[in-house]
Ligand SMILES: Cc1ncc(COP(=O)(O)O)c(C=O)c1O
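The chain below stands alone and is given in structure tokens; this is the form predicted on its own.
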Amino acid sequence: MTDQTMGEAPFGALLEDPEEMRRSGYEVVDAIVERWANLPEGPAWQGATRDHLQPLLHGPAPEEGRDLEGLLNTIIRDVMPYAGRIDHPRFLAFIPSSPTWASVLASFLIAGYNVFQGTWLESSGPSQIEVTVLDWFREWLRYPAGGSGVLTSGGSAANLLAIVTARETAGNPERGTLYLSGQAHGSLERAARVAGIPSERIRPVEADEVGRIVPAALRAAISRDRAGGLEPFLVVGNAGTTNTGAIDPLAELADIARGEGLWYHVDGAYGGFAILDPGVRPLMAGLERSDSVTLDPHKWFYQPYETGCLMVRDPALLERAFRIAPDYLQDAEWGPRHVNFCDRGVQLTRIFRALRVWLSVQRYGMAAHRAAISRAIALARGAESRIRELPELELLAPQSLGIVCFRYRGGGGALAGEELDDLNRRIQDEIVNSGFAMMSSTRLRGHLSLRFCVLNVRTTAEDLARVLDRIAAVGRRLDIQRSKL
């Protein structure tokens, strides 16, 4: 059989010349560094319609390859700018991400070395790094010795693993019921559905005026459901809600879960790493008593997206829920001290996420990470003070962690209800569409609320003051225009 009939030439075309690899690699690094260096001067958000993008990017797959330099230019010019610049200092919407350079370099290495990290056999060094990173997290959470977990694509995947583990540990109850705050992240309800728990057995529990679960309401709901023949098996608390940053009374929820014999999971995807701040740690009391915790290093631990984590008090329960031992993996059994991370979740094929965290901590140290978290909280506190000072603005929820919720109310306070909601929507739309800042909204007690989430290491007090002043100025102008109609 000839090389031609074996297809050697087409296959060989997938290999690059080493010098071309270096040249194009430097080009990509230069583009990223240039972007980072000029973030504050550019827009915080820039979108485009499909009518604009399709002529630039759509078309049939080419039969022959094209010049790499031209393709990279197309990506840098026509693709990457049309997205939220989530690490921009005035990107204050949703929950931003602000990765370190070390974590970006780690991502480059992860892709280039193409590590498969499902088993210790195929990734001994990478698996040891993940064991080490998980042990760091265990210490910060004050989990007992032996606690561990698994890195995931994010909080949504981690919450799914937690719910399945809780369900399996409870013996797969036919009428299993779980309890969570009405402020819980939407991924929990989605995960429950995937785990086979219908919506009528997902119990939102009453929250107080700042969005924290009311323990007495939780006790009453569990008691009521037991009397009705249901089988409570899981309580979910929040260590920083997405809406307002509220932290549930975690110690009281732990008492209830223990007393009722329920699995206790805490969703700390947003706020969990705030436990590193000495001022926040007391508010997290009880977190160490949970059975599992979701963490998202790609939020408040400055990692690129798809760096999530589930921590569990007893990893044997996680492995009992997910471990499968097919014959084709029999060579991967190295004994209990050598973790096969595929046994702790749904993925056999996994990337080496832990390197991002490990390299960041080794490069910058814990003091720098802790200071960045504390600084973000202080900036949010300063934004709250500024809102109180501006007569046109009204605080709708007290600052918690890095989140502040407020609205424009006007100088005279004449607007209310839908009219006031509509005015705030228009303020938000104008500022976002201008690219000056990116902010999102939510609803609190029936009112539309503007919302800041401060996380980015590039954000300054001046950035926040400028955005708040712009909101007040745009609101005044729109209010005057409305009154003249």
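The model shown is predicted, which means the values in this text are computed figures rather than measured ones. Residue numbers here begin at 1 and follow the sequence given.
Omitted from view is the form predicted in complex with the ligand, to which the following refers.
Could you tell me which of 133 to 141, 273 to 281, 156 to 164, 201 to 209 sits within 4.5 Å of the ligand in the predicted bound form, going by non-hydrogen atoms? Of the options given, it is 156 to 164.
Listed residue that, although the ligand is not shown, lies within 4.5 Å of it in the predicted bound form (heavy atoms), from L310, V404, A269, V357: Spelling it out, the residue with a heavy atom inside the cut-off is A269.
Let me know the one among T169, S374, S187, Q128 whose heavy atoms come within 4.5 Å of the ligand in the predicted bound form, would you? Contact check passes for S187.
Would you check, heavy atoms only and a 4.5 Å threshold, whether A191 touches the ligand in the predicted bound form? Close contact is absent here: in the predicted bound form, A191 is far from the ligand, nothing within 4.5 Å, heavy atoms only.
Residue-level question: is I95 within 4.5 Å of the ligand in the predicted bound form, judged on heavy atoms? Taking the distances in the predicted bound form, the answer for I95 is yes, it comes within 4.5 Å of the ligand.
I'd like to know if S107 sits close to the ligand in the predicted bound form, meaning any non-hydrogen atom pair within 4.5 angstroms. Contact with the ligand, no.
Please check if T242 has a heavy atom lying within 4.5 Å of any heavy atom of the ligand in the predicted bound form. Although the ligand is absent here, T242 would touch it in the predicted bound form, with heavy atoms inside 4.5 Å.
Suppose contact means any heavy atom within 4.5 Å; which members of 285 to 301 contact the ligand in the predicted bound form? Contacts from 285 to 301: D296, H298, K299.
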